[in-house]
Each structure stands twice: as structure tokens, then as C-alpha cells.
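In the form predicted on its own, a lone chain appears below as C-alpha cells.
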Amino acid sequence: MAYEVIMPKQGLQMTEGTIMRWLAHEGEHVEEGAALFEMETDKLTITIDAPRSGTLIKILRGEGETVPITQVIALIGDAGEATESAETKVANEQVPAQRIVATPAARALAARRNIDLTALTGSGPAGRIILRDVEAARGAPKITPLAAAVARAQGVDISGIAGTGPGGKIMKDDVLSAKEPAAPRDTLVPITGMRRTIADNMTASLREMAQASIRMKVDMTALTALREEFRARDIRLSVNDVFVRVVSHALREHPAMNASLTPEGIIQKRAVHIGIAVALEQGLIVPVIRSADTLTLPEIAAQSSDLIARARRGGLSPDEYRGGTFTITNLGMFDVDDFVAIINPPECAILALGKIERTPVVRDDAIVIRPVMTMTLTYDHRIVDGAPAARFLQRIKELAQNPGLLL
């Protein structure tokens, strides 16, 4: 009997994944451990290997489809092995996932003929798809649910589109390529994977926390000079690297800011794990520098550089972006003066850094030009009050203006 390939579970919170690209075709022999398909999880795009050797008899879920981790997506077995029962099973599973209302006979016939029910319009009661609808669609093109949704949203006629997916199935990119260039239309961007996780987490953060923010300006003269000193020793420090050291030092002195709220009470964390927000094309990821308060500036720079590089190519493990106790985010490179960041739960605060700008300031009754940056601290008022939060930010400012205290 054919072996059923099920979407693998990546991390404790994952319930589904999006199939980005099949690396093998139907009818091909695959070896156990060889790359089978690419999948997007809540944070990463990863390659999944074949769980056993054999012939890839049938691909049941196409590229662009978001699939629950318990659902069969392909069959591997001996060439020529029957797949009808599994296809019928998967067709039936489509009903709750895609909200398709169809008779059992219609679903079974659609599975045997490899017809996508999401592309059909039912003629039965209340729009139910019945047997004659499937029979009439015998010559209809095969199309993924995502491609069908894009085609409907953008008014694209799929009848003349040549599909590039398995078995000639029409994919999302095929629909987008067939659009009339002279007729601009809206673009449907499905909320899946990382984008869905970010949306859910940030909404929950604002809904469940009493978030407040305070700002301070910091003179970056000494910090800039420190970076130049390290550069002369061929050690490159980013602004973020120095602030990881500054914040981790300040958190040891202000443990109330290194905390989380639980049903039992407020937990003040002993370990200081600093998350650094990294912007990717598909969303935001926060790799974590662990025990940052025990690391030197060169060690922080090395770890930060490695984590950011691997985050951008999708090479982080789930453990490397979980378990942070405080987050730093920086939009200064985008010419942002200052901004209010949303707390990354279950942490109780986040520090947002703006751009460094040469600014006239008063020093000893004289106006001088100094590099100045605005820091914004967002904190959970359920855990920390304004005064201790201000003292914490004040200590960060003191250390940033006197970075020699950290050496």
C-alpha cells in the first residue's frame, strides 16, 4: 500500500504549512532523505526530505496551498499502485478547509478525474456542487485553490492558461503572468505562514497588554567614537551590537524590565536573552542572542552577524528565534526619526531605535553639532510603572553616552 506523506510539524506551535515548491514530479523515483518539497512555516522556508524511498505516485496538494499538518499531501509507493481511495479521502477533507459544499458522489468523481472542486460553481440547492457539475467540468483546467482565488479576484480567464504545476496544474504565478498589463487590477496577497503569525501575535499583544511608551534623545558622540576604535582593530560593531550590550547591562540592574506576566504573578527572568528584530521580504523575525549580559562586544557582534545572515537565508532553527526576554528593533537605516514598537509577547518591553542625525545641541552654554538618536521604550504598564521604566531608559542613555563603562 502507498505510503502517505503528511506535512511535517516544525516547532510546538505550528498547525499548518504552505507548500512553496515541489522538487520532484509524479512518476519519479525518490530516495529516502532526498529533497522532496519546500515548505513555508510561521517563520521560515525550509526543505522537506522524502520519508522513504519509492515512486512519487501522486501529488495531492499543489504549490501555494496551505495544508494542516495532519493532512496527506502526497503518496510514495510502488509504480502503478492504486491511489483512488486516498484521493477520495483528500477530496473529502477539502470540504471544511475550503468550505466546499458538494455531494459525496461529486467529490469522489472529482477526485478520480483530478478536478479541483474549488474551481467549480454548484448548480444544486444552495449552490451545492452535484454530480452533473463535475461531469460538465471534465475538460476544465486543473488549478490550485490559491490560483483559483487569485483568478476570481483579478478577473482572469483561466481557459487559455497553460499550467506549469504538476500534471499541468495552473499555479498562482501562471494566473499572474496571464494578466493584461494595460489593465491594472488589485493583487490578492494571501495571509499565510509568517505573515499570519505576525498578524496574530501583534494583534494579541495590543489587545492583551497595557502598552505605554516614553522617549529620550541620546548623544551618540562617544558611541560613534567607540565603533571607530573597534573598526581600527578590524572589528565591526553595529549600533545594534552596542545597544545589545548596553541593554543587557541595564537589565541586570533593573530586573523588573526583564519580566513576564503569568496567571501566578510576575516572573523576573534571571537570564538575559536579547532579541534583535530582522526585516525579511516576507515578514519580521527576531533571532535571540542568549545570555547577552555575559558576552563581550566582539562576541555579541559575531553572534549577531551570524544570526542575521542565517535569518535572511532561512537557516535558523526554531530555538534560535524563541525564548527572548527583551527585544531591540531599529529602523534608523530607513531614515525613520523615531517610532513606537509593539511588544513581542510574553516580554514586557521593547526598545525602538531611530536614525542618528547631526543636530544642534547646547553644551556649556554653546551650540554645537552632535550625532543624536531618539530611543523609544514601549513597556507593559501591567508589569512596570512609568517611573521605573523611565529610570531604566535613563540608565540606557547613560551607558550609551559613556560606553567605556561597558569595557
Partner chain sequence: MSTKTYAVAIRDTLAEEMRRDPAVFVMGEDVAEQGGIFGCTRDLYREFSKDRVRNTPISEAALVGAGIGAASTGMRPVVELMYMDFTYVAMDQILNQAAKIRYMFGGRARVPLVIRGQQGIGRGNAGQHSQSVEAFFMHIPGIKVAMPSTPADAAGLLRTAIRDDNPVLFIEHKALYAVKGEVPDDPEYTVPFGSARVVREGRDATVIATHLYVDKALRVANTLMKEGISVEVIDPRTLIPFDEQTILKSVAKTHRAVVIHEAHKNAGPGAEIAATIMEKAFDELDAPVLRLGAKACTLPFNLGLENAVVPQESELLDAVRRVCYR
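In this text, rigid core is short for the largest set of C-alphas that superpose within 1.5 Å between two forms. Given the structure is predicted, the values throughout are model-derived calculations rather than measurements. Positions refer to the first chain, counted from 1.
The same protein also exists as the form predicted in complex with its partner chain; that form is not shown, yet it is the one meant from here on.
- Residue in contact with its partner chain in the predicted complex (any heavy atom within 4.5 Å), chosen from G314, P298, G283, G124: G124.
- With the partner omitted from this view, the residue of P255, G265, P104, G155 that lies near its partner chain in the predicted complex is P104 [heavy atom within 4.5 Å].
- Residues within 4.5 angstroms of its partner chain in the predicted complex, judged by any non-hydrogen atom, belong to 129 to 137 and to none of the other stretches in 144 to 152, 129 to 137, 325 to 333, 222 to 230.
- When contacts are judged by a 4.5 Å heavy atom cut-off, A108 counts as touching its partner chain in the predicted complex.
- Annotation for 298 to 321: no interface residues with its partner chain in the predicted complex [heavy atom within 4.5 Å].
- After superposing the rigid core, the Cα of R132 is displaced by 2 Å or more between the shown form and the other one.
- For V242, a C-alpha deviation below 2 angstroms is recorded between the shown form and the other one after rigid-core alignment.
- If you fit the rigid core between the shown form and the other one, you'll see the Cα of V218 move by less than 2 angstroms.
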